[in-house]
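Below sits a lone chain in structure tokens, taken as the form predicted on its own.
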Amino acid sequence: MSDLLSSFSVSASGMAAQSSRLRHVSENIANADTPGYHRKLTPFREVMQGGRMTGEVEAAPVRLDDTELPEVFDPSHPMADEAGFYRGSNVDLVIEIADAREAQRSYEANLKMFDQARQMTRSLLEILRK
């Protein structure tokens, strides 16, 4: 029974981690045109409890993508230097949309696992009640 109940916390932690990832992807998309903006990355790590792995995951502290910022030529931009260049952001919208889609699907998979565990628990309680 405890394995069945722990599946609730495992799937809930997966949903929380994916929602955090999706939030950072949204921030990256919102700042795609912000000069000097570095893309945010959301790594995951396993949760340890008493030196044992619980199977749960959590979002680790956010890292910034170290990819070099592209030089953008726009002499009329207020941040442009004497040569007319300024540093843009390193956000690639295609990559962000792919990451968002992957996070969405992972969230849905965890939600499905949560729902399956709920249905199994309900069936078990029905059997025990009879």
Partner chain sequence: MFDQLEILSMARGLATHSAARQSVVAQNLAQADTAGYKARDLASFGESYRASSGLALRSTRAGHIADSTPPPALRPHVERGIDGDPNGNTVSIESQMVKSAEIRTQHEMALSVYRTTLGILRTTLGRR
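Residue numbers count along the first chain shown, from 1. Computed from a prediction, not measured in an experiment: that's the story for all the values here.
If you look for the form predicted together with the partner chain, you will not find it shown, but the lines that follow are about it.
Using a 4.5 angstroms threshold between heavy atoms, Gly88 stays clear of the partner chain in the predicted bound form. Under a 4.5 angstroms non-hydrogen atom cutoff, the partner chain in the predicted bound form has Thr54 among its neighbouring residues.
The partner chain in the predicted bound form is approached by Ser106, whose closest heavy atom lies within 4.5 angstroms of it. Using a 4.5 angstroms limit between non-hydrogen atoms, Met113 touches the partner chain in the predicted bound form. Shown alone, this chain has one stretch from 64-72, 25-33, 44-52, 77-85 that lies within 4.5 Å of the partner chain in the predicted bound form by heavy atoms: 44-52. Along 6-44, residues Ser6, Ser7, Val10, Ser11, Gly14, Gln18, Arg21, Phe44 each place a heavy atom within 4.5 Å of the partner chain in the predicted bound form.
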